[in-house]
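This document opens with one chain alone, in structure tokens, the form predicted alone.
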């Protein structure tokens, strides 16, 4: 029981990630704003369409235009139009606290029970004259004390992703798990070349089997995610997809190589060398090459920002990190089962052959 604690931990973490990842709702979000091009010194009624809000006529909602961490302005009034739509009236001062003619500014909504949610860089404001000192005096400071908190913890709303954000707990941990399993196979292969213990080669092969399974599941969940967000199951213009496919083909060749060699000792030696070279190639394909070429739709590549403070918030981290650990531990458990099945298969073949 004590020796198997990591197996139970892995299963518990995966179960936790599945249950919480599905059941926890998304934060409200801002879908659309009209108009989005404003002029300093004018009054505007902004029609704001929202997501997962369910406003009522008695809802207490505040609206803000955020210039930066210091300056912003609160709406004069907010009128609820529908359960997911409202109208906010703003009086824009004649001068902005900026030396730029055009900038993108954020719109913020804060509602009782729903908390505070933001649409970054949603609006542009044009000013005719620039007077930085006068503008600073004209704009009030943000009153962050007026921002309301949500009644319960919720996942962040992310434009384009919407509910598919939950795939973060499956798609990404699969690739993490695959990488750790391939690293484990590398260690087992190096140890085999050092002491010629055939069981180390069997363990390396078992870990690669599960790693390839994780890679296939990673591609499948990625295709589902791509269909919902990019509008296509697969695109050859996306470098991450291409290198993922190349990595899987690299390890498919590993199994073809093992199947082509009958001598167990020669198979183990060649497979171990291939496993070492394959891991180095996989690291280059998955983590180096995507950052060396063009833009990418994936976060963290080609100038596209990765999951950071604006994306992977505290509520996501409480599920994402356990999911990575859980799927990784589960992968090693499956590899151990595969290894034991090979041991039993060899035992019965020797006994009854």
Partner chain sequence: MKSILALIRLELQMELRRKYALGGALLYVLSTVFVIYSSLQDAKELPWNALFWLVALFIAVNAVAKSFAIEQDGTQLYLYQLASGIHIIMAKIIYNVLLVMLLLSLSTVAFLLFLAIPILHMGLFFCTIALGSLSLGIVLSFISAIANKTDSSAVFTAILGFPVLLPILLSLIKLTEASFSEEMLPVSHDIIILLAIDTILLGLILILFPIVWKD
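Positions refer to the first chain, counted from 1. In this text the structure is predicted, and so the values were computed from the model without any measurement.
Omitted from view is the form predicted together with its partner chain, to which the following refers.
Though its partner chain is absent from this view, in the predicted complex it lies within 4.5 Å of a heavy atom of just one residue from 126, 281, 213, 224, which is 281. Checked against its partner chain in the predicted complex, the candidates 81, 91, 257, 159 yield a single residue with a heavy atom inside 4.5 Å, and that residue is 257.
Stretch 247-255 is the answer when you ask which of 247-255, 116-124, 216-224, 161-169 has residues with heavy atoms within 4.5 Å of its partner chain in the predicted complex. Remark: residue 38 does not count among the residues lining its partner chain in the predicted complex, judged by a heavy atom distance of 4.5 Å or less. Not displayed here, its partner chain is approached by residue 273 to within 4.5 Å at the level of heavy atoms in the predicted complex.
Residue contact with its partner chain in the predicted complex: residue 153 places no heavy atom within 4.5 Å of it.
Within 4.5 Å of some heavy atom of its partner chain in the predicted complex lies at least one heavy atom of residue 277.
Contact check at 4.5 Å (heavy atoms) against its partner chain in the predicted complex: none of 19, 31 and 107 pass. Annotation for 165-196: the only interface residue with its partner chain in the predicted complex is 193 [heavy atom within 4.5 Å].
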